[in-house]
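The chain that follows stands alone, in the form predicted on its own, written as structure tokens.
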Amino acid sequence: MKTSVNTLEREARKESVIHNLDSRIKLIMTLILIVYSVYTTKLLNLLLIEIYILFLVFLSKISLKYYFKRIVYILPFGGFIAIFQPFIRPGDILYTLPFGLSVSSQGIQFGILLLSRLTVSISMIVLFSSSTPMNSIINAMRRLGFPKVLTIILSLTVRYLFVFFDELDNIKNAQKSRCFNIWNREVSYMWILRQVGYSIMMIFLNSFEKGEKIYFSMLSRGYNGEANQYIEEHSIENIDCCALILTIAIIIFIEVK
């Protein structure tokens, strides 16, 4: 996990046309594409938007293996909702299954549409997060007028992620030094589950204690709830405007074609 976070920051600091765009423009583009993908009901439109996003990925020089791996990791969390649509949405019955379950054609269509929307949204979020450093994302949110509390929570969440991963590494090393193996079939399965539960509890307890220490350290250094260190003055250039106009033009073309 910690390696994934470090890989994310490394990908975000590459040099490319997409990386060099103003973070505010990239955030606006992300929101526009997500809103449109939720609005449209045509699969062809979603396919064309996904092709456009893949074109942006190509320009960003992000590792395709890393990009698709992140999508595959995130997609199942929302994909389960789409999988159940054929069984719970009323419509023309195609198949009747045991236990009173039935598959409707409208449910299949809506499930495919929902999965397509989810794929497009996740693809754009992965592109945005992989081409923009976290401090730039927070800076863009602040300059676009997002609530200050929201940006502070996001910045602290990112900082505490590394604290969480450090605690996880320490516990894993301690277990490894004691020859603990979660896949060991010679011990009781319930005992292994109990040890995993203890480990999860210790991760959160230790992370909570370290979080308190960090917070009190911030207070002792004059922290008062402000996050002005993220306010960076950068002007929007012509290439940024062109990227935003191109995105809007493509959406309009897809919609009225």
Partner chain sequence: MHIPDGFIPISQCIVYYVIVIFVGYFAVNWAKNNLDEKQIPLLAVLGAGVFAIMAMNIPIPWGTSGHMIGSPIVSILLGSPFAGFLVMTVVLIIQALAFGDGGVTVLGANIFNMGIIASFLGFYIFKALKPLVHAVPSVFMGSFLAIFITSIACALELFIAGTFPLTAGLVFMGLYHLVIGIFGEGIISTIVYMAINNLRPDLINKKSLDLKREN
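This one's a predicted model, so the numbers in the text were calculated from it and none came from an experiment. Just so we're on the same page, rigid core means the largest C-alpha set that superposes within 1.5 Å between forms. Residue numbers count along the first chain shown, from 1.
Another form, the form predicted together with the partner chain, is not on view; read the next lines as being about it.
Checking 54, 214, 43, 64 for any heavy atom within 4.5 Å of the partner chain in the model of the complex turns up a single hit: 214. In the model of the complex, the partner chain sits within 4.5 Å of a heavy atom of residue 196. Taking the partner from elsewhere, residue 117 is found to have a heavy atom lying within 4.5 Å of the partner chain in the model of the complex. Proximity of residue 104 to the partner chain in the model of the complex: non-hydrogen atoms within 4.5 Å are absent; the residue sits far from the partner. Although the partner is absent here, residue 210 sits close enough that one of its heavy atoms falls within 4.5 Å of the partner chain in the model of the complex. Taken together, the three residues 31, 81 and 150 all come within 4.5 Å of the partner chain in the model of the complex, as judged by their closest heavy atom. Although the partner chain is not shown here, in the model of the complex the stretch 179 to 195 places heavy atoms of 182, 183, 189, 190, 192, 193, 194 within 4.5 Å of it, in sequence order. The rigid-core alignment places the CA of residue 183 2 Å or more apart between this form and the one not shown. Taking the rigid core as fixed, one finds a CA shift for residue 150 of 2 Å or more between this form and the one not shown. After superposition on the rigid core, the Cα of residue 204 moves by 2 Å or more between this form and the one not shown.
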